[in-house]
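Shown here is one chain on its own, the form predicted on its own, set out as structure tokens.
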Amino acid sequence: MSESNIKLTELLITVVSRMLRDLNHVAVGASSPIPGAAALLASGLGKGSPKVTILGSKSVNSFTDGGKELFDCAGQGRIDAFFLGGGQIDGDANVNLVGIGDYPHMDVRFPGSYGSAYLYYVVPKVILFREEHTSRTLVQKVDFISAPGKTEKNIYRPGGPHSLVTSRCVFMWEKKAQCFSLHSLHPGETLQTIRKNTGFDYIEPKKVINTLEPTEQEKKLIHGDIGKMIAEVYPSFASSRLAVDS
């Protein structure tokens, strides 16, 4: 793993972790090493707050009934943040976890929606995370809506999109405008590179900040205690992207 990729991993973990401050309970689903590490970092800096639940973990998981208990907990309002990704994400914050092409005869199949639509409706802060930032993944319109970003006003929905974090930038979801707004640029990115690699339209404010880079304390935790904890569930990730032995 190159030094630049390690630095990007550090950046993404810290960017997400800062969105989780002052929360009570953050849950992390499958195939989410960077969100998982970010949640652990937020908890480590917050001296145990927020509480973190990582599905698949034995040490960072108080659930005894897996996904069922996750859904119950979310429905009761006891999860403050969750993460969703997808093969495609569009400008309406729709997520596609099913596949590419015309359903049901799709050219490419993804893992499936599982409980994404339900969690998107009930968890107050859903952070969309997709490391690959190209017009192939961030599209004008997803081929299949696994979890919708928008709903009609007469539908009860306490949850919904909060932001979209990629390898290039951070978008924030604007509730009033019902679209994404460019918030910050990661090192090496420009307004032009974001526009070129994004398939959907978004608000470009007059002032776009640079993404804050991790502090020395955050880096030390990421490559130390946090890296060792996330290695339990994601040993290859911890070894290759955090230089931590499992």
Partner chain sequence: MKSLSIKNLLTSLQNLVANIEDGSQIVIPPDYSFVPMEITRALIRKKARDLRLVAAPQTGLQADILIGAGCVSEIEAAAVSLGELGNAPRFTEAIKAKKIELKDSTCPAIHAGLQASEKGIPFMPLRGIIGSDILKYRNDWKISENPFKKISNDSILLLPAIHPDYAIFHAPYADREGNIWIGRRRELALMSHAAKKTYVSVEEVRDTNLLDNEETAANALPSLYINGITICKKGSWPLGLSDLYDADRNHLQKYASQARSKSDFSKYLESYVFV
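Residue numbers count along the first chain shown, from 1. Bear in mind the structure is a predicted one, so any value in this text is a computation, not a measurement.
The same protein also has a form predicted in complex with the partner chain, omitted here; what follows describes it.
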{"query": "The partner chain in the predicted bound form: contacting segment from 67 to 75, 125 to 133, 85 to 93, 161 to 169, heavy atom within 4.5 Å", "finding": "67 to 75"}
{"query": "Non-hydrogen atom contact P214 with the partner chain in the predicted bound form at 4.5 angstroms", "finding": "no"}
{"query": "Proximity of Q178 to the partner chain in the predicted bound form, heavy atoms at 4.5 Å", "finding": "no"}
{"query": "Close approach of P235 to the partner chain in the predicted bound form, 4.5 Å, heavy atom", "finding": "yes"}
{"query": "Distance check, S146 to the partner chain in the predicted bound form, heavy atom within 4.5 Å", "finding": "yes"}
{"query": "Heavy atom contacts to the partner chain in the predicted bound form at 4.5 Å, residues of 48 to 66 in sequence order", "finding": "G48, S49, K51, K58, N61, S62, F63, T64, D65, G66"}
